[in-house]
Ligand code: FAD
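Only one chain is shown below, in structure tokens, and it's the form predicted alone.
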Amino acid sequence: MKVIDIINQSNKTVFSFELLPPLKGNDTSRIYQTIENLVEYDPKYINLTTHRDETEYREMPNGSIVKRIVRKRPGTVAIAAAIQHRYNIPVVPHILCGGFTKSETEHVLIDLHFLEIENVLALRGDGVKNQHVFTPEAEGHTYASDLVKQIVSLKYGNYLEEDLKNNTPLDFCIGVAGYPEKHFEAPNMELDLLYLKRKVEAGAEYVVTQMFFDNRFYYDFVKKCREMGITIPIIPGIKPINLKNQLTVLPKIFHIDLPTELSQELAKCRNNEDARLVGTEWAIMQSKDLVANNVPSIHIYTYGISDNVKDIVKAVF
């Protein structure tokens, strides 16, 4: 089932969550355990992240430096299919610009179609580590809006090879990302909203937001989107804090603000267990307020940790 249909057909707020594929060399047991912990609360769909290749430099015993290209979390397509068929829950794999060519993207979409997966989240993705400017592959997309256009074109049977005949349309529901506190590369919120509108005009059917810890950012973001003519559902993304060091790590990595009250409570924590309790209660408070304001869905970033997420959905849903 398509995410947009799930949202449109529901008369209440639903919830979804996001998983990381296992690190190379690990099995799927942790992913399945996370799902098992949450499945009784009726998640309507599950997002699965995709990761680009990374460059590593390793010093050899003789002192030379060897460059290696590695993908630390392979297998997104296969794991997405395994989850969907095992649990009968729609899965939303992430499709990236960064690190992938248009041809590779097309091949992934064909595979997803064969595996009966009909939802994707189209993202630009991060650049190469230690590079300050995002650089696409030589035959890749620079902007998520162009990635959306490629996915939409397949709905009409338009493949990259123009001489193909009897083409099968590939019809995906497409989600995109939105940033209540502005994408860190955008010079201002107005231009960031314009970029989002381009993704919507290209064919995106819903927006899922970057994490935020003050619901006022989300409500203001939705208001500005509506004023811009963006009318599709906007799904808030919630990240439960699990570790004490996330007080400083999350703002640095994701370019977000933590409310003063939350920061003060985390600063008092003696250990990670204290921080997890604070983070869980804060996420419950956020989620209850969002549900009371009739958001279409709440998307929870689990990153493979499900105990606190279980406490949240049990309290809210």
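Just count from 1 along the sequence shown to find any residue number. Given the structure is predicted, the values throughout are model-derived calculations rather than measurements.
There is another form of this protein, the form predicted in complex with flavin-adenine dinucleotide (FAD), and it is not shown here; the text below is about that form.
- Heavy atoms within 4.5 Å of flavin-adenine dinucleotide (FAD) in the model of the complex are found in one stretch of 112 to 120, 226 to 234, 197 to 205, 81 to 89, which is 197 to 205.
- When contacts are defined as a non-hydrogen atom within 4.5 Å, all of Ala144, Ala177 and Phe184 contact flavin-adenine dinucleotide (FAD) in the model of the complex.
- The closest heavy atom approach of Gly125 to flavin-adenine dinucleotide (FAD) in the model of the complex falls within 4.5 Å.
- Although the partner is absent from this view, Glu106 stays clear of flavin-adenine dinucleotide (FAD) in the model of the complex, with no non-hydrogen atom inside 4.5 angstroms.
- In the model of the complex, at least one heavy atom of Tyr301 sits within 4.5 Å of flavin-adenine dinucleotide (FAD).
- Contact check for Ser287: every heavy atom lies farther than 4.5 Å from flavin-adenine dinucleotide (FAD) in the model of the complex.
- Proximity to flavin-adenine dinucleotide (FAD) in the model of the complex, defined as a heavy atom within 4.5 Å, holds among Asn242, Asn215, Thr209, Gln150 only for Thr209.
- Shown here without flavin-adenine dinucleotide (FAD), the chain has His94, Leu96 in 83 to 98 lying with a heavy atom within 4.5 Å of that partner in the model of the complex.
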